[in-house]
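Next up: just one chain, as structure tokens, the form predicted alone.
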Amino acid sequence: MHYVLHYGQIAPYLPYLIGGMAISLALSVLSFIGGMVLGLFFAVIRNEGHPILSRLVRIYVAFFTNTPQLVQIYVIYFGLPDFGILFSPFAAVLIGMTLNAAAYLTEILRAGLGTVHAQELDAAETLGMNRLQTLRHVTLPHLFRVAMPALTNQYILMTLGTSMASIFGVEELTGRAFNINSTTFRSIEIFTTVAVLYVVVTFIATILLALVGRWAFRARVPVL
């Protein structure tokens, strides 16, 4: 018995799949932004070297980088209700991805902070900049210029990682692919189509982030 490919049967479901891709992008963008905010805050704490706060951040990073993200989301979605804390599937996945991303982004951003030259900081002090102005005009531009390639890679990994949201009932791209498969039983056509959609989206995201890095921070990020 030979399997015959019929991609025409999948074509009517393309708008449905694209809608799922939009949910995947919402998860990745929101969790990346949240992770960036937390990661930058934690990186500054680590860089300042406060003994207690720095140790707490190290514990946080060690925990979230040494446990599976799926397990972390399981704890949030299935464990916290035992304490009366309930989240929707989307919210639980978003919180889990944000906390996980913050741990990795903390290390990426901390490494970038370490590349800021002492002479640049001295020059900012000479010009009369306070700490907030130095952070805004000197430290952050240098940080993102250096860290942009790693940040781009992290975002791509997070976009692909949104597929685990389907386990919790979130109808993102992979979740919708499962729904279509249960109706049509055209597994090869469905999941190859989904794979192509992931490739297209991540390819576009890579180009956009590279252009943003070049325009905003003069980062040397290859577009292709």
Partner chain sequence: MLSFLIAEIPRLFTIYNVILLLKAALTTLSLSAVGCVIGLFFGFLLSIARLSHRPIFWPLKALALIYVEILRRVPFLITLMIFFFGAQVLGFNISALAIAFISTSVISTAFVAEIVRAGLRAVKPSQMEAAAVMNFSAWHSFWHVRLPQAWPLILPPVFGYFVLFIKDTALASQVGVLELTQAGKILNTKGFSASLVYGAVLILYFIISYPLARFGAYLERRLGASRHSRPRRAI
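As the structure is a prediction and not an experimental result, all values here were calculated from the model. Numbering follows the first chain given and starts at 1.
Keep in mind that the form predicted in complex with the partner chain is missing from the display, and what follows is about it.
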Inset, instruction - Specify the contacting stretch among 124-132, 111-119, 143-151, 76-84, defined as having any heavy atom within 4.5 Å of the partner chain in the model of the complex. - result: 76-84
Inset, instruction - Classify Thr139 as contacting or not contacting the partner chain in the model of the complex by the rule of any non-hydrogen atom within 4.5 angstroms, answering yes or no. - result: no
Inset, instruction - Mark Leu70 yes when one of its heavy atoms lies within 4.5 Å of a heavy atom of the partner chain in the model of the complex, and no otherwise. - result: yes
Legend entry - the partner chain contact at Ala26 in the model of the complex, heavy atom, 4.5 Å: no
Legend entry - Any non-hydrogen atom of Met164 within 4.5 angstroms of the partner chain in the model of the complex: yes
Inset, instruction - Let me know which residues along 166-186 have a heavy atom within 4.5 Å of the partner chain in the model of the complex, or say none if there are none. - result: Ser166, Ile167, Thr174, Phe178, Asn181
